[in-house]
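A single chain comes next, written as structure tokens; it is the form predicted alone.
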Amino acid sequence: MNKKEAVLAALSSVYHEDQDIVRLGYVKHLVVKGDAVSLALDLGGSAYDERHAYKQQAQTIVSGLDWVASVEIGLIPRSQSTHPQPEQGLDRVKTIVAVSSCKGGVGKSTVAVNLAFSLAKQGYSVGFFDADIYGPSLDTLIHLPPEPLGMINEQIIPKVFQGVKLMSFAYTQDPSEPEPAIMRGPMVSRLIQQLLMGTQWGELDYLILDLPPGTGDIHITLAQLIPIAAALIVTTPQALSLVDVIKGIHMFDSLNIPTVGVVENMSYFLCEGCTHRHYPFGQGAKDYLESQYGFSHTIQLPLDAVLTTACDHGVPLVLVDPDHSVSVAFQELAQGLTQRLAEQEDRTLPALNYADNQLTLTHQSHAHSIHLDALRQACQCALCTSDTPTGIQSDAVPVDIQPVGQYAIGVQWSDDHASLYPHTALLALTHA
């Protein structure tokens, strides 16, 4: 038995369901050079945690061969997999949008539910998936009869309310004796996968995902598992919430999911008989996000007992009182979302280049010049905006230029300043 055969023989002890990964053809590009082994695993549509578990198991087994000194194992992306994807409940879902907050208690689920029903009121076919296992809220926001879930062709039949298809972990529990979900991260990720992929969603224009707070395993698992088209982030005006919003934006950037809008919830309130807006939690978060990240689609929602009452009664406000100002704001949010998604399909991202002491911004096949001093003066980094700003060196030049998500370009300067320029800001500088 040669060394390649020895590696394959060892890997044949790794099983996927009832067959080993060698017989299934999952082992690709096996190369043995002396005591070094490299290979790739083509695991088709397996979930994120499952793929990495197989990789770790294969790594341990091959490393255990007495002649092996190093092992390198890669994972072939799902998009490049030669194995057919299993039939999934999402096959006829056109667009998936994640609603996230990265912090609990900001009203994310309320926003997500009213967004879903606003889209439905505009004539779209919509589904809603409550991805929070530890604290599912859909059964509170939408009151439905406590009937058990049905099955057809080994898939779960979603519940339906006013034409919107619904699924939540709460629907799998006995409503008379609800039990807390006590389980570790990998178990939660697998359960989320089973509920999401095992639901017969049918043909949908939009599937809204109500993500749990934070930036953890569930977010990464879903991003690896399904094609999320965009993220919408919900926050409140406080600085503490804003910090988490920024973390969320960066997380979605790292997962190649564009953030297309921000909702500042509980932004203000109106006194009875008063048209003046009062801001109990302060102001500035919305403006900061618009200027720093270039978001053109941000809305503010007020503190309003009408919205709270509708939530407590288990019917979305957009259905109870469609003419209320908050319902109108949700309709505008839905319209803006569909518009941003349509623009995104045809969007060409600007590119910034520095060569021969010239800054050039290329956008929609046109090249625009930007003055180096103008770009430098537009810097809003921490060194420039602190109470004791660090001076800008007159001879500073860009040493690195990189895209940041789908909303900005980052520039590292020779004087250690690091600038973030939204595309809208860069385009404005070309006309200055």
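What you are looking at is a predicted structure, and each value in this text was computed from that prediction instead of being measured. Don't overthink the numbering: it's just position in the shown sequence, from 1.
Keep in mind that the form predicted together with a small molecule is not shown, yet the notes after this line are about it.
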Give a yes or no on whether every one of L349, L352 and T430 sits within 4.5 angstroms of the small molecule in the predicted bound form by heavy atom. no
Of these, I246, L303, L90, L255, which has a heavy atom no more than 4.5 Å from the small molecule in the predicted bound form? L303
Single option in G198, G104, G74, P322 placed near the small molecule in the predicted bound form, where near means a heavy atom within 4.5 Å: G104
Give a yes or no for T259: in the predicted bound form, does one of its heavy atoms lie within 4.5 Å of a heavy atom belonging to the small molecule? no
4.5 Å heavy atom contact, K108 and the small molecule in the predicted bound form: yes
Classify S125 as contacting or not contacting the small molecule in the predicted bound form by the rule of any non-hydrogen atom within 4.5 angstroms, answering yes or no. no
The small molecule contact at T298 in the predicted bound form, heavy atom, 4.5 Å: no
Segment assignment from 162-170, 246-254, 109-117, 189-197: heavy atom within 4.5 Å of the small molecule in the predicted bound form: 109-117
